[in-house]
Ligand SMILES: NC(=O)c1ccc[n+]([C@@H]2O[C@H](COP(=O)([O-])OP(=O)(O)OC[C@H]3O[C@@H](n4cnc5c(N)ncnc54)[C@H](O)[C@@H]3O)[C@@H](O)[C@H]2O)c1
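Given as structure tokens, the chain that follows is alone and in the form predicted alone.
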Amino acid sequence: MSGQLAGQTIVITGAAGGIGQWLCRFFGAEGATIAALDRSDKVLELVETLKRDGVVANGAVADISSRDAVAGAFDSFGDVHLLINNAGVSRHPTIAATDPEGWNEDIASNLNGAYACTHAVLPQMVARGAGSIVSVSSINGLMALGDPAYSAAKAGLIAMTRAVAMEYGRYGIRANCVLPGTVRTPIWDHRLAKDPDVLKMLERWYPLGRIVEPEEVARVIAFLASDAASAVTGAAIPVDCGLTAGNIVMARELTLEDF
């Protein structure tokens, strides 16, 4: 990928999070101009750090669930060559714990926000005849694992990605998404405070015997954004240490073998 991103602007939402920070640093090191977007003002600290490291970067504090906030942020970013819809939150673990307001909040943050950002960049990508959009969905979009509002939004993000790929491929625009499993990011901090062994407990469900690291998700995003994936569009790629390959716990019990 070296050199091919020089002079290109990459918008990364949820930039202040674990995956988002890695993406900013990775693409910045590749010569891209980083446009970092997050609802937390920590994104401005990140931008200053990137600048000190020689990265061309600017940032904006905005809640992507607000269409007006998205429009204002993207107006300041100028031409956008790559959009990474990385922002996401999970706040309601069960249907019983999700009231209509909470449901709407999670759909707005995880799906509607990604749509608003996508809507903001498509016209200029069409005019340019090129562009790439990579969205961070989740394996929750494929199977029931709790967090129902978040999961519904992530399933919708897969569908939206495929719709964009179908409609805008003729303009040279590619749209893909990655589906992470459990990732070691700050989103788990509140659970770890209650149970320090929660992530260790989850590892037995993963064929690789571990959970995903943020940079592993980011590397697949980097591939999808690169010229190496020039014929890839409409794809939803699991990055899940094998979780969606099958139920390894059940398989072991059925065969009475620890394979």
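Throughout, we count residues from 1 along the sequence that is shown. No experiment lies behind these values; they were computed from the predicted model shown.
The form predicted in complex with the named molecule exists for this protein as well; it is not shown, and the discussion that follows is about that form.
Of the candidate stretches 135-143, 94-102, 160-168, 75-83, only 135-143 has residues whose heavy atoms lie within 4.5 Å of the named molecule in the predicted bound form. Looking at Thr118, you'd find every heavy atom of it more than 4.5 angstroms from the named molecule in the predicted bound form. Although the partner is absent here, Ile173 lies well away from the named molecule in the predicted bound form, with no heavy atom inside 4.5 Å. The named molecule is not shown here, and in the predicted bound form it never comes within 4.5 Å of any heavy atom of Leu243. Of the heavy atoms in Gly18, some are within 4.5 Å of the named molecule in the predicted bound form. This chain appears without its partner; in the predicted bound form, the one residue of Gly131, Gly181, Pro148, Gly156 with a heavy atom within 4.5 Å of the named molecule is Gly181. Contact with the named molecule in the predicted bound form, defined as a heavy atom within 4.5 Å, holds for exactly one of Glu203, Glu213, Glu45, Asp63, namely Asp63.
Contact annotation for 86-102: residues with any non-hydrogen atom within 4.5 angstroms of the named molecule in the predicted bound form are Asn86, Ala87, Gly88, Val89, listed in sequence order.
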